[in-house]
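As a starting point, one isolated chain is supplied in structure tokens, in the form predicted on its own.
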Amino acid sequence: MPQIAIDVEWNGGLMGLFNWLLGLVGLTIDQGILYVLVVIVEAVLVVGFILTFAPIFSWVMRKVMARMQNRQGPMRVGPQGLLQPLADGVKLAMKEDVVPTRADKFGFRLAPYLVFIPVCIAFAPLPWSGGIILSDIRYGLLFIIAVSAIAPLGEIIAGWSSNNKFSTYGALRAAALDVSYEIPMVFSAAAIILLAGSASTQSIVAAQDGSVWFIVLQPLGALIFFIGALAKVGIVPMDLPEAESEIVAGYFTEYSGMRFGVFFLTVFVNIFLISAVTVTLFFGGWSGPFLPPLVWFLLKSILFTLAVLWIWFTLPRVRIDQFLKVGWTAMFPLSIITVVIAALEVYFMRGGLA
């Protein structure tokens, strides 16, 4: 089974752990079945992390927002409002799931999952430390970008299937933003692949471990990648697909109950994902002195997550035409320049023609 052999190599850490545990109890199991078990365990780990992270993030987000607006934030449910996310979850679960009469019901029900599931899958090649990664895919960075590009398709389906003009406007905006800012992000990522000599996320971090972080070599590329990632997440100042003062709530205007909650859950998880990917590409990932690699990765990612919240709660919303113009006339040509700069850096770091 050659295909399984390749996949077993991808999941070597978790496969090794399973084989070690089976050896302790004196059991043997077919490697194909073991591989399926590993995939199931990986899926459970990702979903478990997301379901644990989202409520914590919701509470932290509200507290940070309240502090910036000179108020206390949630205080009534539990000590310091710690049980507020639980109350919100119960409220969403108890709300009626309304589907508009003239909506395309299949697309309407499918769209939240098309938005949420790709974000979960994108966690697979994320390197938490040198030995903690769900799947060290050889083209991990490209995999994250490709899988993340599926989510806007769900937003477009959500807007179109709702049979609502504001939802359709939101869907069209999501499509325009995705096309405008996905390309500069890919070019910025290509510059990192040139510098690291690999598209594997572990290899990219290893290339920065004990050397300069790629933020030093590619500050412009880091800025372009981060702005593009913010545009994909869709938060202020770039929440144009759901700008409530212009188009109610954009592509999810007609959603209610848990389907509405899934869209917000996706935003929360996406914020951590873009923070973690930015740390991986430009800030050394899990590398750092004294502390364990996992602690370094979490510290850097949480710091970036707080920076995203800071941007979210302090900047005004930009205009859609101005933002698209910046994407095509400034970020797109600048992202090509970052690739040229990366090629020159690689050329000179390797001693030129010598």
Partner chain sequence: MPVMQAEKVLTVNMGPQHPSTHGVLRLRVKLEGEIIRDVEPIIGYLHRGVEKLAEDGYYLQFIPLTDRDDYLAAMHNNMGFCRAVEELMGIKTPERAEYIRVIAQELNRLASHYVWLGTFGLDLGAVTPFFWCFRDREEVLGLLESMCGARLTYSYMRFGGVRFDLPDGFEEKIADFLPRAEKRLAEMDRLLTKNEIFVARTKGVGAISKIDAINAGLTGPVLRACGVKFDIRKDDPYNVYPKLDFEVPTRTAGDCYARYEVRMEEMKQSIRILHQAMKQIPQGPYLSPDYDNAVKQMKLRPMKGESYARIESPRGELGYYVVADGGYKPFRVKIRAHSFQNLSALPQMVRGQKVPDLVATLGSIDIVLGDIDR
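Positions refer to the first chain, counted from 1. Fair warning: this is a prediction, and the values are worked out from it, not measured in the lab.
Not on display, but discussed next: the form predicted in complex with its partner chain.
(message) Under a 4.5 Å heavy atom criterion, is V318 part of the interface with its partner chain in the model of the complex?
(response) Yes, V318 lies within 4.5 Å of its partner chain in the model of the complex.
(message) Whether S245 contacts its partner chain in the model of the complex should be assessed with a 4.5 Å heavy atom distance threshold; does it?
(response) Contact check for S245: yes, within 4.5 Å of its partner chain in the model of the complex.
(message) Since only the chain is shown here, I'm wondering whether T314 would be in contact with its partner chain in the model of the complex (any heavy atom pair within 4.5 Å).
(response) It does: once its partner chain is placed as it appears in the model of the complex, T314 has a heavy atom within 4.5 Å of it.
(message) Would you classify R173 as touching its partner chain in the model of the complex, given a 4.5 Å non-hydrogen atom cut-off?
(response) R173 belongs to the contact set for its partner chain.
(message) Within 4.5 Å, heavy atoms only, one stretch in 160-168, 210-218, 196-204, 117-125 touches its partner chain in the model of the complex. Which?
(response) That would be stretch 160-168.
(message) Check for me: heavy atom within 4.5 Å of its partner chain in the model of the complex, for each of A222, K325 and A330, yes or no.
(response) No, the candidate spot makes no contact with its partner chain.
(message) By the heavy atom within 4.5 Å rule, which residue out of P237, G257, G78, P100 makes contact with its partner chain in the model of the complex?
(response) Flagged contact: P237.
(message) Between M68, V295, L45, I29, only one gets a heavy atom within 4.5 angstroms of its partner chain in the model of the complex; which residue is that?
(response) Only one listed residue qualifies here, and that residue is M68.
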